[in-house]
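The form predicted on its own is given below as one chain in structure tokens.
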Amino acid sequence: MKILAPETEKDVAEIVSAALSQNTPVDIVGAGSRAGLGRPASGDIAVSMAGLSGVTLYEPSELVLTAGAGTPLSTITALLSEQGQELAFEPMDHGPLFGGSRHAGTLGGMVAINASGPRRIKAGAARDHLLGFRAINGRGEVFQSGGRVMKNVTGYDMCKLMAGSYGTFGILSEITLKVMPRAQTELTLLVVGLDESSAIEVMTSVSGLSHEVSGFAHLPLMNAGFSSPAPADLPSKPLTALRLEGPEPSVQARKHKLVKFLADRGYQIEFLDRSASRSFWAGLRDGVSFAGTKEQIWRISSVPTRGAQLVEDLLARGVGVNAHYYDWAGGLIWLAVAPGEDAHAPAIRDVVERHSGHATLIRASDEVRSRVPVFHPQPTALAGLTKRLRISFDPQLILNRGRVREDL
């Protein structure tokens, strides 16, 4: 595959126009840290966005930042950290899961997959912080949407449309994001020894209280070969994690109330201080438990209260679940399954649909991801709408052709 390295937005538009004239599929490349997501690349040429890098605007007092799509996320996070700010949706770093290095992703790749982390239940995902963008569509035309502030719009909310489109509606060239102050401190309460149903009941109960918990996760005991993001000196038992963030006095006050609520139920509680807590949630977010393993990885979203039963039903169907854990109070389930030619997709998706959820195949070989629909199949009407939208931006389907669906 030939890799082209444009240095300007105009260069990108010219490459797309030339590819369009020859009906040549084009793959979009950032740092390559998320290349394993979606179906395998199928383009004849690749466009590296590394040349469109750099922060062009940052106003900490206005909580707004604009940068080129090829800007490394490590550059963004370092700059924000200097001002005590962050990307509140704490985007997942896919490097460890795919055997790459940490902190290698780009701003454009983050928006293209609509990345998020454990705080999504409170802060949303990338799309909820995307203020505006510039991009090049499949006709080689530069277009833009949004600006530097949130405001009401009519028609398409283009920011919501572009985030999570995996580059199939356009090649992002410039991105403007809302940034947020970073919490002064944080700590995590760990409830020790709960079974999965009890853990989900605790998480959903706490989510209805006024303690402003920003992370809810449950880690069953890990099988041999899998690691836990929790410190090694903790009891070797299942752990249910509840994160508190904010000013120190507020965190301590909420901690005492939450401890009383849990202690009244007779639960054993451990604590992670600020440093240990941040390390724990980063490891959970990035799937470090599955790094370096051979298993195929699924990401399942469902109703939080059904999470434990969903896993039980998968096991009853004979799905080879070798490890799993819960995020989003049970609404997100990460599964590591024994490798299979179909990645257990028929059984997994049948069970997931019975629980009103959807399942995405996150990690598998190129061969498997070519055969198995990576993203959960859409209902007929929605699939048709998706195709019409795609064609409106990219009539010949030259941008990341086949990345999300075989027919797109």
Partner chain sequence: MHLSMPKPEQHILRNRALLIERLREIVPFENVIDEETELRAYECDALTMYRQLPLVVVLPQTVEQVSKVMALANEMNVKLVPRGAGTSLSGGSLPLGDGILLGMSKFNRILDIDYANRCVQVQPGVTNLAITKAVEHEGFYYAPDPSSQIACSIGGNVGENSGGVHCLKYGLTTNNLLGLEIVLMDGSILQLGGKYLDADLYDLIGLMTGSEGLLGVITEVTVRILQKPETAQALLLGFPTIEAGADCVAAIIAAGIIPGGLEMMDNLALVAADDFQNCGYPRGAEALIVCELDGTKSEVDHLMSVVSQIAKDGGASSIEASQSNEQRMQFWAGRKNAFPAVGAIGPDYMCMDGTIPRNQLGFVLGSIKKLSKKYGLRCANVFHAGDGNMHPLILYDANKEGDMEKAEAFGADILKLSVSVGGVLTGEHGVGVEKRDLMHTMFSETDLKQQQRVKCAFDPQHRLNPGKVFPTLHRCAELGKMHVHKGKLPFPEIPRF
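The model shown is predicted, which means the values in this text are computed figures rather than measured ones. Positions refer to the first chain, counted from 1.
The following text describes the form predicted together with its partner chain, which does not appear among the structures shown.
> Ser302, Thr188, Ser289, Gln296: which sits within 4.5 Å of its partner chain in the predicted complex by any heavy atom?
Exactly one listed residue reaches within 4.5 Å, namely Ser302.
> Which residue, Ser198, Ser214, Ser207, Gln309, has a heavy atom that falls within 4.5 Å of its partner chain in the predicted complex?
Of Ser198, Ser214, Ser207, Gln309, the residue with a heavy atom within 4.5 Å of its partner chain in the predicted complex is Ser207.
> If contact means a heavy atom within 4.5 Å, which one of 120-128, 67-75, 226-234, 93-101 is the stretch that engages its partner chain in the predicted complex?
Contact-bearing stretch, as computed: 120-128.
> Quick one: is His358 in contact with its partner chain in the predicted complex, heavy atoms, 4.5 Å cut-off?
Flag for His358 set to yes.
> Can you tell me whether Ser81 touches its partner chain? I mean in the predicted complex, with a 4.5 angstroms heavy atom cut-off.
Judged by the heavy-atom cut-off of 4.5 Å, Ser81 is well away from its partner chain in the predicted complex.
> Though only this chain appears here, would Ile45 touch its partner chain in the predicted complex if you measure heavy atom gaps against 4.5 Å?
Yes, Ile45 sits close enough to its partner chain in the predicted complex that at least one of its heavy atoms falls within 4.5 Å.
> Wondering, does Arg285 line up within 4.5 Å of its partner chain in the predicted complex on heavy atoms?
Residue-level check for Arg285: no, no contact with its partner chain.
> For its partner chain, considered in the predicted complex: do all three of Thr176, Gly320 and His324 come within 4.5 Å of it, counting heavy atoms only?
Judged in the predicted complex, none of Thr176, Gly320 and His324 sits within 4.5 Å of its partner chain.
> Determine the residues of 255-274 with a heavy atom within 4.5 Å of its partner chain in the predicted complex and present them in sequence order; the list may be empty.
Heavy-atom contacts to its partner chain in the predicted complex: only Lys257.
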